[in-house]
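Just the one chain here, the form predicted alone, laid out as structure tokens.
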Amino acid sequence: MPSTEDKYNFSHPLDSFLFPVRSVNTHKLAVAVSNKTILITGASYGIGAELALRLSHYPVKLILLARTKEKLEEIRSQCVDKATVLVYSIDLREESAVNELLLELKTKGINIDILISNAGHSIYRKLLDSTKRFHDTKRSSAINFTGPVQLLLGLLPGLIIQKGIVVNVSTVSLFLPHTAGWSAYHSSKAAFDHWLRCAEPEMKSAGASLCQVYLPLVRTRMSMIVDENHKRPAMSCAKAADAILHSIIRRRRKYRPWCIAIPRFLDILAPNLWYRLQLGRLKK
């Protein structure tokens, strides 16, 4: 089945080498997801939409969340009839909206088997351009950290009953040297990552599994708005979805592409190199 974002599926010569992900075994995926209720945030575009379409080939109940109602309905219309698809237009930044959703799911007796926390907000802005834009940090924190935490806490009792899976779609940048201009984005993603690491032992002991999927640059509407990204190696949405589905099948705790070992090793050898390179560039 074609990807939801074919226009971004151009390739770089290094894509397959840096980000190898094998195709998903459909039989194993059927065993892992059939008759499950799966909630996907950020389901209107990119990876979330790709996952929705892929999973709709199985007898599942899909609950798709995003801000854009029209786009959610478009994705629902493309889903295969094997799946039951419910869509909710919701902004994770709005605490009351998340509470209303949780109440509605509880009223309907819906317990989630698999939560795929995929919604995210990426922003690049230089420090001096941010002095009057504190809302950038608040928005990033709400979408990447506090909103997902609120949703997960509300769904957690049901996930524990169902012996379910929480999949957090995160970024490999958490393991790389810090980069100027990305403070709002990286800090908010790191906050949720560390919250989950603290929560994981308690979740696991109660019966719910956590899968952390750390993705590299992915060719999506959000990332490809930056022109320079078109020239860089990146994953397609289809390969990113493969990595997530493999994690669900195996209940794999972590996925990270092998290639991040290269910059991490260089940072050990020369811990100030990236800082000095950035400083030199910014002084020009």
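Heads up: residue numbers just count along the shown sequence, starting at 1. All of these numbers come straight from a predicted model, not from anything done at the bench.
Keep in mind that the form predicted together with a small molecule is not shown, yet the notes after this line are about it.
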item: Of V60, A238, M222, L29, the one that lies within 4.5 Å of the small molecule in the predicted complex (heavy atoms); value: M222
item: Triplet A66, Y185 and P216 all within 4.5 Å of the small molecule in the predicted complex via a heavy atom; value: yes
item: Contact stretch among 176-184, 101-109, 114-122, 76-84 - heavy atom within 4.5 Å of the small molecule in the predicted complex; value: 114-122
item: Touches the small molecule in the predicted complex: A191 (any heavy atom, 4.5 Å); value: no
item: Contact test in the predicted complex: D91 vs the small molecule, heavy atoms, 4.5 Å; value: yes
item: The small molecule contact in the predicted complex: Y45, any heavy atom under 4.5 Å; value: yes
item: Contact flag, L152 vs the small molecule in the predicted complex, heavy atom cut 4.5 Å; value: no
